[in-house]
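In the form predicted on its own, a lone chain appears below as structure tokens.
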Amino acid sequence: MSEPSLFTKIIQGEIPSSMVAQGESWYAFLDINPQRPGHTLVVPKEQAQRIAELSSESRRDLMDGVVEVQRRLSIEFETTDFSINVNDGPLAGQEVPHVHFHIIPRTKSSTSHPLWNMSNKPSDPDFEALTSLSKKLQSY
């Protein structure tokens, strides 16, 4: 990939995001069209479209990022259950050509079937709510 992806531009601060947490080689931010409150994306700072294209270090650290996001979301949403999804390539439904994990906190009132249905996204992001939740999650 020669041009920076949307997520690389977010990581570099060219596009604003509602950060949840970050590590040396990963960045986590709230999805602007969440499946439910707390829906977070965890992305490697290394740009690659598929998991297999990442360095071993980035793959390993990315899972540490997933666990850290779960830790923060579990405090806010009082749950230990999460839907975790990755679409590895465009034929798998990947919309941005940059590896990313979707982390969605689940509670008894937020469980829906089918497990994963991206067509239910709202059309207008609530940036005020995202900013408020972002600040709370960063404090954990």
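Numbering starts at 1 and runs along the sequence shown. Computed from a prediction, not measured in an experiment: that's the story for all the values here.
Here the subject shifts to the form predicted together with a small molecule, a form of this protein not shown in this document.
- prompt: Counting only heavy atoms and a 4.5 Å cut-off, does the small molecule in the predicted bound form sit next to every one of Tyr27, Leu73 and Ser134?
  reply: Answer is no for this spot.
message: Given the stretches 63-71, 76-84, 46-54, 94-102, which is the single one in contact with the small molecule in the predicted bound form, using a heavy atom cutoff of 4.5 Å?
response: Selected range: 94-102.
Proximity of Thr107 to the small molecule in the predicted bound form, heavy atoms at 4.5 Å: Outside the cut-off, so no.
query: Does at least one non-hydrogen atom of Ile11 fall within 4.5 angstroms of the small molecule in the predicted bound form?
result: Looking in the predicted bound form, residue contacts with the small molecule do not include Ile11, since no heavy atom lies within 4.5 Å.
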